[in-house]
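Below, in structure tokens: the form predicted on its own, a single chain.
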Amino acid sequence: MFSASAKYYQSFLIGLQSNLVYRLNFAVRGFFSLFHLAVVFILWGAAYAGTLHIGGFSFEQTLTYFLVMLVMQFFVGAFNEDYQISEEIRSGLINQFILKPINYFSYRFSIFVAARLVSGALILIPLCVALPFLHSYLTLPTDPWRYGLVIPAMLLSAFIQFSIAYCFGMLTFWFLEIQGFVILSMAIESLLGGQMFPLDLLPAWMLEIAKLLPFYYQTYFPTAILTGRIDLAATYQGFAIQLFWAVALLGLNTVLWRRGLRRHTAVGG
């Protein structure tokens, strides 16, 4: 067991080193994300003109929501893991994992975790630059339980994010290009993951449907916990559904890997 853990720890270190090489790219991406936040500030400022609350939340609470959402995306979001997996399948690099005693999912997840630690740490740089201008608009709830439960929610969110990206990468066994699938997934995630607007603004029946889908638990769920948009009972219920999707996606990816390898072996000889 120790030797198995050591293998993926080494994969994590390799991923950490390779992503540190591109630390400037992550930092620049973080600074450009502040322009997105500025647009959010302007648009929602206009929406709140003449009213104190929208959907039961103030302008300060809504701006805090989008700032936390931005940080969550850098800490748990899958940026290009699906394309990296796809490229390894198409180029034949996947063959080395068939011959070696290493679990490909665990290997890729170790690298994903390393990348998220780097990107998450680097988003704090532009955040520190922006805070002097935004701190008077930001407001977070004071409930201690939120700060304890947001950590496991983020961990499960990261696992779901990666699992979905891994799933699309596995489709390369059957399709030459996965770009269409990825773009469709990103569009759905933007809408049902709360990136375009807080999901509280959806009609009640649509929100209930969204809560059953994995997209709700990619970034919105931990963001909603930290910004006070859901209560403790809803948080526990969300954990149960989030855990279900984590297990279900892991099972799906196991099936895709096994069937994909059969097809890969049949085609490659």
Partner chain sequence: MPKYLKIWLASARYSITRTLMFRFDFFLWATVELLWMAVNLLLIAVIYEHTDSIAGWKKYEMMLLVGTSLLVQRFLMGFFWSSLFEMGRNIKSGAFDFFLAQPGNILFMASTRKLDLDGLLNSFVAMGVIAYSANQLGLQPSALDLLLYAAMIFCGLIIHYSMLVITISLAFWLTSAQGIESSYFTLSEFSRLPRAAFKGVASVVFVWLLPVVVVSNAPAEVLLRGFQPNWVLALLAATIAWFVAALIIFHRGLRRYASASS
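Positions refer to the first chain, counted from 1. Model, not experiment: these values are computed from the prediction.
There is also a form predicted together with its partner chain; it is not shown, and the following applies to it.
When contacts are defined as a non-hydrogen atom within 4.5 Å, all of Trp44, Thr51 and Met196 contact its partner chain in the predicted complex. Residue contact with its partner chain in the predicted complex: Tyr147 places no heavy atom within 4.5 Å of it. In the predicted complex, at least one heavy atom of Gly180 sits within 4.5 Å of its partner chain.
Under a 4.5 angstroms non-hydrogen atom cutoff, its partner chain in the predicted complex lacks Leu207 among its neighbouring residues. In the predicted complex, its partner chain stays beyond 4.5 Å of every heavy atom belonging to Tyr236. Per the 4.5 Å heavy atom criterion, its partner chain in the predicted complex is contacted by stretch 52 to 60, the sole one of 209 to 217, 227 to 235, 240 to 248, 52 to 60.
Residue in contact with its partner chain in the predicted complex (any heavy atom within 4.5 Å), chosen from Ser91, Ser106, Asn95, Ser190: Ser190.
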